[in-house]
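Here's a solo chain for you in structure tokens, the form predicted alone.
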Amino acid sequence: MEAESVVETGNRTRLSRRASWAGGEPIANILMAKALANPDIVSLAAGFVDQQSLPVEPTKKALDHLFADRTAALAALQYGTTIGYPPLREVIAARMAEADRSRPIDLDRIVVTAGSNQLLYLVADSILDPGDIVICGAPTYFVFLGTLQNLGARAVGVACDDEGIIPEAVESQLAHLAARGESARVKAIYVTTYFDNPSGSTVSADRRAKLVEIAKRYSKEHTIYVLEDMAYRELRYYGDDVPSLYSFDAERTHVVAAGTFSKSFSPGIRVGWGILPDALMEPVLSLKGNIDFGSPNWNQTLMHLVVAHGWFDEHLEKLRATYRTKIDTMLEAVDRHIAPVAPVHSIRPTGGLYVWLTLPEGIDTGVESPLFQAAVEEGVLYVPGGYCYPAEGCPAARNTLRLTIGMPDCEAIERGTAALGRALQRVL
């Protein structure tokens, strides 16, 4: 093995280059350490779901139903298939087609995964070589940035606004990369289309159509895929649903749709799924088969029962009501405790779990900044926005931060936002 392909550690373990690409300590570990050291702190950082709303009763109903049929229970406890449990894939296809008012979706294009992050990783691993490029919004989902880093790929950021990623910015970056002779390196465009993590923005229908058209037009040497992350689609609290970006790909050749029940039902059950172009099914299933033979069959069977019996939709209505109250509480708290201290811009999300704040220029929100230290002392944690920006393209806005409504209750949201306001006042 060549010397540059390994990493020496203190105990002489020879690690792979891919292990070194994973980078330093994740922000989640840093925030967890702060929370453990300060047990009374309010975390407006952790992207968890509401603890008290987790679906204990619907899950028990599904378990009771399953255990009442010994043959079905035995089948669920056995290995399944790599592509996933057929009845679950059928309800996923039906719900997607109904939501989009689209033609039926071929079941052979749907694969069930252990959450949507696994689907995104498998697709990325299938299409990316070290040095290849994925165009992302700036900001974007920092866990996916870590996925790309693990694979040795390059994330290139383009401008976003309150309606999400800007198609003209994507096209401008594609043209720029072509002029530099890097077209062959561009493999995908990644976008969270509903209630973005971290910004809370939702991509408009017009922009969805443009993004598909741009990807197809620039797919000259090879296919440039659009990776549509739909993790938060079901968490809409206001307004009407928007057809998926996938629905604008009439030939179904360029868009990968990634969804999950983790945010809308239970991350502990952790069932995600993807709808893929034909060209990606074989490589993705081959990779997945080598990793896990298929996602846990028991979880898939359980999730199918929950959806098929209507318990998922019943739970979802209650969950939306809970989060609607929480998002309203946070936005009102920002207006009451932060806006009077300094001019602040926030996208007013109509769903999802996140509120993105842009503070005045010159206020650094990083973990070593005076603001972050003051926030910890005042009793609140947030995610510094700098972690959400790709390493290339649009420069990171260091005056940004992400807040979440997931875990804290309304009282904690109010208290944490007030603490952030006090911290901000201290550093001005």
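Since the model is a prediction, treat every value here as computed from it, not as a measurement. Don't overthink the numbering: it's just position in the shown sequence, from 1.
Only in words, not in the display: the form predicted in complex with another copy of the chain, which the text now covers.
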Query raised in the report: With the partner removed from view, which of 329-337, 240-248, 77-85, 306-314 is the stretch that lies within 4.5 Å of another copy of the chain in the predicted bound form, judged by heavy atom distances?
Result: 77-85
Query - Exercise: P267 in contact with another copy of the chain in the predicted bound form, heavy atom 4.5 Å - result: yes
Requested in this report: State yes or no: in the predicted bound form, is some non-hydrogen atom of D206 no more than 4.5 angstroms from a non-hydrogen atom of another copy of the chain?
Outcome: no
Report task. Tell me, yes or no, whether A397 is in contact with another copy of the chain in the predicted bound form, where a contact means a heavy atom of each within 4.5 Å. Result -> no
Requested in this report: With heavy atoms only and a cut-off of 4.5 Å, decide whether M407 touches another copy of the chain in the predicted bound form.
Outcome: yes
Query raised in the report: Taking another copy of the chain in the predicted bound form as the reference, which of D106, D162, D125, E168 has a non-hydrogen atom within 4.5 Å?
Result: D125
Report summary line: Exactly one of S219, S172, T322, S102 comes within 4.5 Å of another copy of the chain in the predicted bound form through a heavy atom, and that residue is S219
Query raised in the report: Across 113-127, which residues bring a heavy atom to within 4.5 Å of another copy of the chain in the predicted bound form?
Result: A114, N117, Q118, Y121, D125, S126, I127
